[in-house]
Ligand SMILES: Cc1ncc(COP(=O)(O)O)c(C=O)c1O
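Heads up, the chain below is alone and in the form predicted alone; it's given as structure tokens.
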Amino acid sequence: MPLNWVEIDLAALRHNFMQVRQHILPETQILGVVKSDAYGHGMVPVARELAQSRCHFLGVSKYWEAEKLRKAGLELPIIVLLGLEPEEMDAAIAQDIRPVLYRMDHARSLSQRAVRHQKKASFHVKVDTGMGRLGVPLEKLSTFLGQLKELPGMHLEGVLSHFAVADEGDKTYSELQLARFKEALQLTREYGFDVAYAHISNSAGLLDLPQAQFQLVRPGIMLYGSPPSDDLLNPVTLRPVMTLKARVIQIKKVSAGQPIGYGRTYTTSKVTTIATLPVGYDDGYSRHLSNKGAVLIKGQRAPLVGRVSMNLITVDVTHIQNVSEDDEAVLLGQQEGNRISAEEIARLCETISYEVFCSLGRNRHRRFLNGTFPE
């Protein structure tokens, strides 16, 4: 039995996918974002469940992720959101993997390889409507489309952009981005491109900006059970997918005045029962939780005392009856009706739930529960 492990509830994933479906139009299709190992939840098992749930596209950030999905037997269209390097394009064309394009030199490379393979290379063009990150600037889109029009072997399947602040209550900037995106789509049509898929909506966008659904939406964080923010105009009922558990490996009573952990940042004020758990920042459990976090043991919250070290934490269980060595502790998730959420951990660490999931999901021992497919 491992000292600590992560559990992934695939039934919760399916529930969250159906929440996406209920918030969009019947004709709108869904791209399930499974990049970064499905936010730490396991890219291949998650992708299989999404495919079984009739997801239409999968979204990854890098080519090797798309290749891994293909090798695992996933046949859905896959979009590589960061695009492809030239050396990856031949294999991507052969596997019908769609890159996002925002550089003309990459577009020319893709065209050359498509002609060589006597195939049409499908791709999506990214337009920067105000995120200031990846994408063709709107003022340069006309030139980009004109050059694209001259390239053989190319099929412009989609045009996309990305909301910067759709998770905020004030939608003014998102509405501005949406207007710019519509301008980009109109320009694309004027150049004679028949675009099948326009997409700009992430989780927050599909929930709060129904007018921005177009033909495709790209849910990410809501699939994994976290709301995009606390400021949503249209809250949604989601089920957490990830749980982190560990075993108590030692219990001891210590006297008043006993320092606990590195740096002696915590000292007991009375006789205290300390439980030691074999989890630390090597397991993705943030050092920022030192003297701030909590775990659940026998359904009760046990405060973390002392610093999070590389492999160990210590919690105060003085108030919990009959705690034993090898008892199960929950560091993220639910136990006997109480819950420690990714949002709670994120607030304590001054980060977001996305980072919490990506960090904890790297756990070597990951169990998939309630899956459609045997693992």
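One-based numbering along the sequence shown. All values reported here derive from a predicted model rather than from experimental measurement.
Keep in mind that the form predicted together with the named molecule is missing from the display, and what follows is about it.
None of 282 to 290, 173 to 181, 239 to 247, 211 to 219 except one has non-hydrogen atoms within 4.5 angstroms of the named molecule in the predicted bound form; the exception is 211 to 219. Among H106, H162, R98, R113, the residue placing a heavy atom within 4.5 Å of the named molecule in the predicted bound form is H162. The contact with the named molecule in the predicted bound form, taken as any heavy atom within 4.5 Å, belongs to N202 out of N202, T268, T188, T276. Using a 4.5 Å cutoff between non-hydrogen atoms, H124 does not count as a contact of the named molecule in the predicted bound form. Under a 4.5 angstroms non-hydrogen atom cutoff, the named molecule in the predicted bound form lacks F17 among its neighbouring residues.
Under a 4.5 angstroms non-hydrogen atom cutoff, the named molecule in the predicted bound form lacks R48 among its neighbouring residues. Among residues of the shown chain, K35 is one whose heavy atoms approach the named molecule to within 4.5 Å in the predicted bound form. Contact annotation for 352 to 369: a single residue, Y354, has a non-hydrogen atom within 4.5 angstroms of the named molecule in the predicted bound form.
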